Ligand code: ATR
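Here's a solo chain for you in structure tokens, the form predicted alone.
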């Protein structure tokens, strides 16, 4: 039982919808393990209410909040300040509040990179990477991979113009460290055949729509490492199909934990108990089965 008193501070998760989120489970376990009097709560906010809610949060007893789909880019216009990395990436997933002022950060790219290196023992340097989606998570991941010298990054989105816009922004910000190109459906097969890593940054396959898959399964091949930012279910349809083909696979849980650990440290100044956060998420998975 979480004890709440007059000194308890809160951290929220802003997004829509939020029924799938594990963040409250892992963050509350982390605060409890460090004896920090903060409670993490989900704040499901409809698009028409976002501005009203964000402006109200600093007037209450909040230490900050996380931002998830679909607000990681839009949130930036309501903040008082943005960290250099988040400004560079062009998206925010973590906000700290101090003296009534809101400062935005981005921990998504760092979280993904750490998960890729620790769970698959893969570094992006010299790799060809195919990314599905061009939203806030794609922006953070693709910028981070470009800065870490991926050889070539393909970005594919249902709306080609959005992929083009993101590619132009990456090339502008990252120079020519990596070759980054927009991708349409007609050229997907060739690009994926050349890819070392495929990453789904969309919400396709998230619970309860667990039978959805963001790509034609016949385009996958056994030499791919397939990553999904979706973490509920633990193995999406995309990952299940890839695993059967013999691909290395990585769920979104590692990224969730590691980006959450970075956020925890921003809010508290205390080293995050990443193992505790993993254990809490695993326990929730097991309880849900």
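This one's a predicted model, so the numbers in the text were calculated from it and none came from an experiment. Residue numbers count along the first chain shown, from 1.
Omitted from view is the form predicted in complex with this ligand, to which the following refers.
**Student:** Exactly one residue in 206, 178, 134, 82 has a non-hydrogen atom within 4.5 Å of this ligand in the model of the complex; which is it?
**Tutor:** Spelling it out, the residue with a heavy atom inside the cut-off is 134.
**Student:** Taking this ligand in the model of the complex as the reference, which of 173, 162, 152, 114 has a non-hydrogen atom within 4.5 Å?
**Tutor:** It is 162.
**Student:** Heavy atoms within 4.5 Å of this ligand in the model of the complex: which stretch in 136 to 144, 121 to 129, 187 to 195, 97 to 105 meets that?
**Tutor:** Looking at the partner contacts, the answer comes out as 136 to 144.
**Student:** At the 4.5 Å heavy atom threshold, is residue 158 in contact with this ligand in the model of the complex?
**Tutor:** Yes.
**Student:** Heavy atoms within 4.5 Å of this ligand in the model of the complex: does residue 93 have any?
**Tutor:** Answer no; every heavy atom of residue 93 is more than 4.5 Å from this ligand in the model of the complex.
**Student:** So which residues in 187 to 203, when you check this ligand in the model of the complex, have a heavy atom no farther than 4.5 Å from it?
**Tutor:** The stretch touches the partner through 201, 202, 203.
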